[in-house]
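In the form predicted on its own, a lone chain appears below as structure tokens.
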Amino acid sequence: MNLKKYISILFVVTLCLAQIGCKKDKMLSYNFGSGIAIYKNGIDEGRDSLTVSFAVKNETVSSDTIELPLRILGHLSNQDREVKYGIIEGETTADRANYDLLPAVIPANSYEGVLRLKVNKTESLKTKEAKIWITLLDSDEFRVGPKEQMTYLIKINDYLTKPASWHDIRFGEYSQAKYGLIIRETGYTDFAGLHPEVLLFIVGKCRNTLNEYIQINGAEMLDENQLPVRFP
């Protein structure tokens, strides 16, 4: 076999293999689509779970929206693509009234998106914390990524527990309402090692807020036991 004929045969074989490879790649892309995962490293509150406490929010707040970042591995699309997700029924303890599943989308020409879940305050959250386990689901557009990146836990409640660093002398008798007031007005949740001037600031700030509440509502703010919220 002369050299020219050998080169011609080699070219044809290479071309055939390339075409087979392209068809295979297209087949894999069509069958498996892009991968989808919760981008946990991009979540500031907690990598694997977060807690939403309505007790530290203004009492008029009845809902909140959680945003979980999403990332895909695969090809871009010039159209928005819906991400399917749901609740792990056997592990979720929240009532259906405690949450709403909002649409999740990967925008056109983007590798990133956001999964939004609305959580709602209900009376049951005042005595029992509820768990919502989110899980991504396979769809025509996306295949779920690694197991550790397909689920996320959201805990919601409407109560606070007394911290070990609570100052009875400075703050008086503990109540969830009083603790929530301190957190909302000053941002402090732990009082260990605080300078006396800081404690005086906390008390003064909360007293001012309570006085404003009385002026607006014509009555004292009440705690969860229907007792007035007061500082010594």
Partner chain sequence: MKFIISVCSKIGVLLFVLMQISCYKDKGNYDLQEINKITILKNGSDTLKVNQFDSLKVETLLEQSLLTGEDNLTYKWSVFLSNPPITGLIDEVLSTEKNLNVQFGLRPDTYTLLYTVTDKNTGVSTFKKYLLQVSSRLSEGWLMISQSNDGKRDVGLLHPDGYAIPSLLSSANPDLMIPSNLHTVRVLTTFFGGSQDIFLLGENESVRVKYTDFTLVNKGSDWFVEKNLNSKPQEFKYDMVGSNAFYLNNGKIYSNQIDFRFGVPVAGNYRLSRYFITSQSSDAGIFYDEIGKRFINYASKKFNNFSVQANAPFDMSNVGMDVMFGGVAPMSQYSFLMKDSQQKAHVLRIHSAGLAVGKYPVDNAEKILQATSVAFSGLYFHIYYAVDNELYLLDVEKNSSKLIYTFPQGTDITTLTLKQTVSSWVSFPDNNRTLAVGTYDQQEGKVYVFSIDNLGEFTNDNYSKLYEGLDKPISLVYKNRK
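The model shown is predicted, which means the values in this text are computed figures rather than measured ones. Positions refer to the first chain, counted from 1. We call the rigid core whatever largest set of C-alpha positions still superposes within 1.5 Å between the two forms.
One more form of this protein, predicted together with its partner chain, exists but is not displayed; see below.
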query: 4.5 angstroms heavy atom contact with its partner chain in the predicted complex for Glu197; finding: yes
query: Contact of Lys205 with its partner chain in the predicted complex (heavy atom, 4.5 Å); finding: yes
query: Contact of Pro232 with its partner chain in the predicted complex (heavy atom, 4.5 Å); finding: yes
query: Its partner chain contact in the predicted complex: Phe201, any heavy atom under 4.5 Å; finding: yes
query: Contact segment among 172-180, 188-196, 51-59, 35-43, judged by heavy atoms lying within 4.5 Å of its partner chain in the predicted complex; finding: 188-196
query: Any residue of 145-166 that, in the predicted complex, places a heavy atom within 4.5 Å of its partner chain; finding: none
query: Tyr39 C-alpha shift between the shown form and the other one of 2 Å or more, rigid core reference; finding: no
query: Large Cα shift (2 Å or above) at Glu67 between the shown form and the other one, core-fitted; finding: no
query: Comparison of CA distance in the predicted complex with shown form for Lys121, Thr209, at least 3 Å; finding: farther
query: Sense of the change in Cα distance from Val52 to Gly193 in the predicted complex - at least 3 Å versus the shown form; finding: closer
